[in-house]
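Form predicted on its own, single chain, as structure tokens, below.
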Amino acid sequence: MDTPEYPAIDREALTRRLRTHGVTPTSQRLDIARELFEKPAHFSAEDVYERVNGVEAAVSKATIYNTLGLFVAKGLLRQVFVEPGKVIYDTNLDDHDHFYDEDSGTLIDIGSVGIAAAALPPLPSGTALDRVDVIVRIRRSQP
């Protein structure tokens, strides 16, 4: 399967996107956004840190974590908790579920038609369903 080519996002488009979501577009936030939103993808905070900084660290880990948290709070990213202490950030905000490859640590989109929740337990009083997140854990089959 061929990977589609994604055009580079210009700084003005990123600035507009951040402002639309109520985020002040600082230079560091724009650098982080450029790496995140270039194409749909899944990233750990460490992945973002490495991609933004390359060989020389110009953006601190604290800034990366704070910006990721801000982007989640403002609706630019979704957090996927794949195991205790391991969070993957997803740029795809459409309803979809995931395969999580236990061997490689890779998260793979299933899509919105992948899994149907047949029956859910009654919700606690005074609550409404926001969404259902499903993670299907997979491993390489043994030969």
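All residue numbers refer to positions in the sequence shown, first residue = 1. Here the structure is a predicted model, which means the values were calculated and not measured.
Another form exists, predicted in complex with a further copy of the same chain; not displayed. Remarks below refer to it.
Student: Given that the partner is absent here, state which listed stretch (45-53, 70-78, 32-40, 84-92) has heavy atoms within 4.5 Å of a further copy of the same chain in the predicted bound form.
Tutor: Answer to the contact question: 84-92.
Student: Is Ile110 close to a further copy of the same chain in the predicted bound form, meaning a heavy atom pair under 4.5 Å apart or at it?
Tutor: Close contact exists here: in the predicted bound form, Ile110 approaches a further copy of the same chain to within 4.5 Å, heavy atoms only.
Student: Since only the chain is shown here, I'm wondering whether Thr127 would be in contact with a further copy of the same chain in the predicted bound form (any heavy atom pair within 4.5 Å).
Tutor: Yes - in the predicted bound form, heavy atoms of Thr127 and a further copy of the same chain come within 4.5 Å of each other.
Student: Using the partner position in the predicted bound form, report whether Ala13 sits within 4.5 Å of a further copy of the same chain, counting heavy atoms only.
Tutor: The answer is no: Ala13 has no heavy atom within 4.5 Å of a further copy of the same chain.
Student: Please check if Tyr65 has a heavy atom lying within 4.5 Å of any heavy atom of a further copy of the same chain in the predicted bound form.
Tutor: Answer no; every heavy atom of Tyr65 is more than 4.5 Å from a further copy of the same chain in the predicted bound form.
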